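Only one chain is shown below, in structure tokens, and it's the form predicted alone.
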């Protein structure tokens, strides 16, 4: 098979890494890719907004399957367009993608199908939202309705913080059109889990979970980011909790999709809060998570292309997913200043020093090659992953690798994996 992966982050690098291992993979391409991806795939610079150019590339290179990484391309209808041209695509339709691209749509789906989720109200008017927050108890959660690269969620402990959040989203338009509508939710207490399952028209199959670290700095301080690291497994996740997730979240989601004739083919990422009352859905995401994808695919033993083929043929029930079931940690190395202003084109030295380290695999998130050097090209730059028999061993390995890289242009959290108990 000739495979094309769309995207250029660490998630797409890990997808390319998993696809390349498959005996079914003949030629592997990535648009636009990055410096790390170029080591395993042929990268091509094409504007992903120009769907016809993507189609022409697929036709010229006899692409058998397109795998879409970022949610933005799903919202833009790239999946629908390529499918209309008889090209197989792993990634849900634009309609099904509304489970992520509109929090209002997702909330209404959850409530219709009696799936646990936080109580909420939606607003299109700043004045109405401002009036509402003066009449409720805190803390609350304010969310931009549309896509905001994982940064459109703000936890507000009091009214001044809530007023500032409303101003940022609705007046200053930090997230553009995504903030034309907002959701104000009750604050749920518990611990967060990123849970993943493949869904097709008929059934679903579990892939696994990870615990993500969203805040920029140690001890969960600082602004929200796209994710500063994650790990698996966690002592917090008991068999009883997993059974509850299956019965109260996965199964009713599958039944809801069928009842509403919303055909979903792809990976579905459940952002969950595990409370004393059980699991609640914070949000749906219609693609692999980043950085969660990096550790999930490092642990995956079953051929990823076999899973994807079965998914697109509505034959997931024939698949038995096997994993290494080892401890895996991902620590994100980010540019100084992220998620605010940061500098690009900072040289990344010493990467060769960690390539041969046992259990370590580095996935590039925002890198490019300039004058023969690998340089930074974004906020989250590298995902350092380590696999071992225990969380403590994996932590030690990951941080040893980071110290060997010793990049002065960036920072990382030192506590990834510590919230295990």
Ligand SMILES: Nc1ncnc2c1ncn2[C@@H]1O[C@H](COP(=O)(O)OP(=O)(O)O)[C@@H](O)[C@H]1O
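Numbering follows the first chain given and starts at 1. All values reported here derive from a predicted model rather than from experimental measurement.
There is also a form predicted in complex with the named molecule; it is not shown, and the following applies to it.
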item	value
Contact assignment for the named molecule in the model of the complex, among 283, 309, 76, 122, heavy atom within 4.5 Å	283
Candidate from 241, 348, 156, 153 lying within 4.5 Å of the named molecule in the model of the complex - any heavy atom	153
Contact stretch among 296-304, 127-135, 186-194, 333-341 - heavy atom within 4.5 Å of the named molecule in the model of the complex	186-194
4.5 Å heavy atom contact, residue 141 and the named molecule in the model of the complex	yes
is_contact(residue 214, the named molecule) in the model of the complex, heavy atom dist at most 4.5 Å	yes
Close approach of residue 118 to the named molecule in the model of the complex, 4.5 Å, heavy atom	yes
Exercise: residue 168 in contact with the named molecule in the model of the complex, heavy atom 4.5 Å	no
In the model of the complex, residues of 77-114 near the named molecule [heavy atom within 4.5 Å]	103
